[in-house]
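Okay, so here's just one chain, in structure tokens, the form predicted on its own.
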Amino acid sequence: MLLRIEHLSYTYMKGTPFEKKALDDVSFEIDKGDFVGIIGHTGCGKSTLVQHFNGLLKPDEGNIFLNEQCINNSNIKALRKSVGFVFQYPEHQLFESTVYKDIAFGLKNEKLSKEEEQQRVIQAANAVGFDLSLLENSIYDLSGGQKRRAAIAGVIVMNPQILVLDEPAAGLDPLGRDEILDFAVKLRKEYGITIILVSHSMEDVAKYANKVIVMNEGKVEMIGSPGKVFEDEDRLRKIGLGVPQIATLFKKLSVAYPQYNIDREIFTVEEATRFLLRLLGGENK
């Protein structure tokens, strides 16, 4: 077990008239290599939850275990090497004079040789598909998408075990969103990094995650595979969430055309395409 959360609770502005309980007795486990999607309406506790994973917040109650070691009072610098965090609009975190220096910033205390540092920076840049010819450019010369890749590379360069992506595709067009999330898949597949994605997009979570955690009013409302979670459409709608649009379409098609045995557990465009190609192939025989 890579990450284990036990009875985690957290309250903002405790002891004041503005006190708000953001997390209430939250427990779950994440295995190494998981791609976890955390979903929920605004204010449900998603971002508060993930900010505990690398010490940005400390729990009022409960424990967090990384590799079976409690991290509640861990060395923050060491913890953040293991758990990388990418915020919304990560390009706003860029501040060094060149792209190379910005990506390498986290390595300053690693006591690496110049060659080792360069190797780590190039590896991180390659991992997010960044053009190496731009490493010596000013960050102000980059496009918005290039800035976002450079910022993510600055987190990847620390070789984290876990990468937390808090709405990483905010403000991007569909192509840019797919590029960022495809990089996350690559990091999981090629580097063994466990991905935790906070998102409002049911489609993105259905497409990329193997485990879904649904938050509601500071509690874990549901947890399971995308198929298990999204099949309970009524429960999701009661807490203000929907299901991927393609799932709704295929449920309606399965009722309208029962003779085709249409799969009701289709949640992504890719799954729909594969099913339709099989159906058409079978009818052409």
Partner chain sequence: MSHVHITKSLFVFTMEDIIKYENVSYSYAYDFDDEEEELNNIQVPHVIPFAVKNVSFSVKQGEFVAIIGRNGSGKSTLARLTDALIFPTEGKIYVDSMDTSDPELTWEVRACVGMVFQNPDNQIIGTTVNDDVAFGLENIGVPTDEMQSRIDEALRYVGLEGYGDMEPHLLSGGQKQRAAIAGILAMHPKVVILDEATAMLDPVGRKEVMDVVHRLNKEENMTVLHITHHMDEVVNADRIILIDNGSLVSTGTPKKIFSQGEMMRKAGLEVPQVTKLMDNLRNNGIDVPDDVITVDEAVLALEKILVK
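Positions refer to the first chain, counted from 1. As the structure is a computational prediction, the values presented were derived from the model and not from experiment. For the two forms, the rigid core is made up of the largest set of C-alpha atoms that agree within 1.5 Å on superposition.
Unshown form predicted together with its partner chain; subsequent notes refer to it.
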Of 143, 73, 119, 113, which one comes within 4.5 Å of its partner chain in the predicted complex, counting heavy atoms only?
143
Counting any non-hydrogen atom inside 4.5 Å, which residue from 186, 101, 81, 177 sits next to its partner chain in the predicted complex?
177
Residue contact check: residue 173 to its partner chain in the predicted complex, 4.5 Å heavy atom:
yes
Heavy atoms within 4.5 Å of its partner chain in the predicted complex: does residue 41 have any?
yes
Going by a heavy atom distance of 4.5 Å, is residue 203 a contact of its partner chain in the predicted complex?
yes
Does its partner chain come within 4.5 Å of any heavy atom of residue 228 in the predicted complex?
no
Have a look at 151-159, 119-127, 164-172, 105-113 and name the one stretch with heavy atoms inside 4.5 Å of its partner chain in the predicted complex.
164-172
Of the residues spanning 226-242, the ones with some heavy atom within 4.5 Å of its partner chain in the predicted complex are 237, 240, 241, 242
Core superposed first: is there a CA shift of 2 Å or greater at residue 143 between the shown form and the other one?
yes
Core fit, then residue 165 C-alpha moves 2 Å or more between the shown form and the other one:
no
Please state whether residue 152 has a C-alpha shift of 2 Å or more between the shown form and the other one, with the rigid core used for the fit.
yes
Can you tell whether residue 190 sits closer to or farther from residue 91 in the predicted complex than it does here, judged by CA atoms, where the change is 3 Å or more?
farther
Output row for the residue 128-residue 190 CA distance, |change| of 3 angstroms or more in the predicted complex, reads farther
